[in-house]
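Presented below, as structure tokens, is a lone chain in the form predicted on its own.
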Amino acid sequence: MKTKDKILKEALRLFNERGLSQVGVREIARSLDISVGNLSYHFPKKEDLIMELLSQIRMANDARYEEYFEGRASLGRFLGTFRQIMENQYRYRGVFLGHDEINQVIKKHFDYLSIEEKRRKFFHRIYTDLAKAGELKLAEGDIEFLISFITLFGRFWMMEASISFTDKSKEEIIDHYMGLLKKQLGLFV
């Protein structure tokens, strides 16, 4: 494994274990038994490392959506896709739970409004296709409601889980939140 990949893997492990704001580049380097200079060669600043991790999860999630769009619209397929998205988020949970630090990186280095608009278009397309396929019965305004719900849900489930379910496994946590999503969507079946 290349040094850059080792750094990313170890940083993510430490972020997941202790939280983004609790881990510095010196600790990551020490954990890998490399010099801070070696780490800085690959990632000059901690925010560069965070940006790479954010790019990885964005690409992983985009791939899940693209796979979904390649098949027939169905509620079961959508729920399977969203579960994969949640598994991706869980894998990178330490990055998502560092809100102040992560918000600064996002504001400085990402066109978040474009990313958000892309995500909203994904969900608009998903819900429209599910309605056309007869999987959801949606009245006027329901698509916008569901987009707002899934956006809020997707942003905050991990925060709640990190506080409320510290004694649960990844599968139990994701099952719990998938159950909530299924109940919400069940109101439109």
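Predicted model only: the values in this text are computed from it and were never measured. The first residue of the shown sequence is 1; numbering continues from there.
Omitted here: the form predicted in complex with a further copy of the same chain. The next part is about that form.
Remark: L8 does not count among the residues lining a further copy of the same chain in the predicted complex, judged by a heavy atom distance of 4.5 Å or less. a further copy of the same chain in the predicted complex comes within 4.5 Å of a heavy atom belonging to S162. At the 4.5 Å threshold, heavy atoms of H42 stay clear of a further copy of the same chain in the predicted complex, well away from it. K182 belongs to the set of residues with a heavy atom inside 4.5 Å of a further copy of the same chain in the predicted complex. Looking at 122-148, the residues that come within 4.5 Å of a further copy of the same chain in the predicted complex, counting any heavy atom, are F122, F123, R125, I126, Y127, D129, L130, A133, E135, L136, E140, G141, D142, F145, S148. Distance between the C-alpha atoms of E70 and I147: longer in the predicted complex than here (change of 3 Å or more).
Relative to what is shown, M59 and I163 are closer in the predicted complex; their C-alpha atoms differ in spacing by at least 3 Å.
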